[in-house]
Ligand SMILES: C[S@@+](CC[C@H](N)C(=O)[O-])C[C@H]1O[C@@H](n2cnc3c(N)ncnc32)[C@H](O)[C@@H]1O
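Just the one chain here, laid out as structure tokens, in the form predicted alone.
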Amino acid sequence: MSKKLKSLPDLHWFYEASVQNVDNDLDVGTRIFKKHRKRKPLTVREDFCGTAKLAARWVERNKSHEAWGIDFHQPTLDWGIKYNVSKLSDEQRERLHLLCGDVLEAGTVPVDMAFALNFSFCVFKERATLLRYFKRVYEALNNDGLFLLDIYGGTESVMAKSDDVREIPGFKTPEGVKISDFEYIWEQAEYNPITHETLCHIHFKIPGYGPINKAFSYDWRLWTLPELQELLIEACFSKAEVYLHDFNDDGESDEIFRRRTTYENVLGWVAYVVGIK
């Protein structure tokens, strides 16, 4: 590894900048919750929370908000505590609870909304395991709670491809390291149409640092929308709704998610699947 690469800021900064939009996730969840329950949600749980950016943002938004986050990887949680939690006030930190554990086993108090985002639940490849997880989430919700997942699909999601490139705005780390605009590359390296198992990688091209190959890798099963809806109903949710976006003039998502029962199978899309208790 070159000397330049050794001074590269932690890769979690690039992941958060290119993958996560926690305010949009929370806005979508809050809008759907209010539509169904006619009140505002107060408590959330972020499963597979990683750096706990969503959970931290939730308690930051309102003094009546409380959040729980669960992730099995303590070093990633520690990074989130150092950078996402430390910026909160003492009072806000008291309303944020992070657990290092398995989402199949770890328990929290009942919450209004649970999130499993960035396709994280796709790590569960067996139907029985995913059903078990959905049942655990059902038990972790208040009686009027909602569960939000996201999933991707489209005609290009079921093939090996490596040309999905996006330009990501630069940023400055708390240590003062300035990163120029950089490229995020999503590669679906392998796809098995028989099992829907897929191997994916995130690569970065960062000015001044060069390419960072396989910054993050994922060995998943790409679940389909009907499978997820059926499993949520089997897990005792009363409804399972799908919310999908339209496209802007540049062919990118307009980030406005509406409930859909039909949709054109375009090259690529991202959906929220919502389990309603």
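Just so it is clear, the structure is predicted and the values come from calculations on it, not from any experiment. When you see a residue number, it is the position in the sequence shown, counting from 1.
Heads up, the form predicted in complex with this ligand isn't pictured, but that's what we're talking about next.
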Heavy atom of His73 within 4.5 Å of this ligand in the model of the complex: yes
This ligand contact in the model of the complex: Phe124, any heavy atom under 4.5 Å: yes
Heavy atom of Glu156 within 4.5 Å of this ligand in the model of the complex: no
Gly50: touches this ligand in the model of the complex, heavy atom cutoff 4.5 angstroms: yes
Of Asp144, Asp102, Glu94, Asp78, the one that lies within 4.5 Å of this ligand in the model of the complex (heavy atoms): Asp102
Proximity to this ligand in the model of the complex, single hit among Tyr218, Trp223, Tyr243, Tyr209 (heavy atom within 4.5 Å): Tyr218
This ligand in the model of the complex: contacting segment from 110-118, 190-198, 134-142, 167-175, heavy atom within 4.5 Å: 110-118
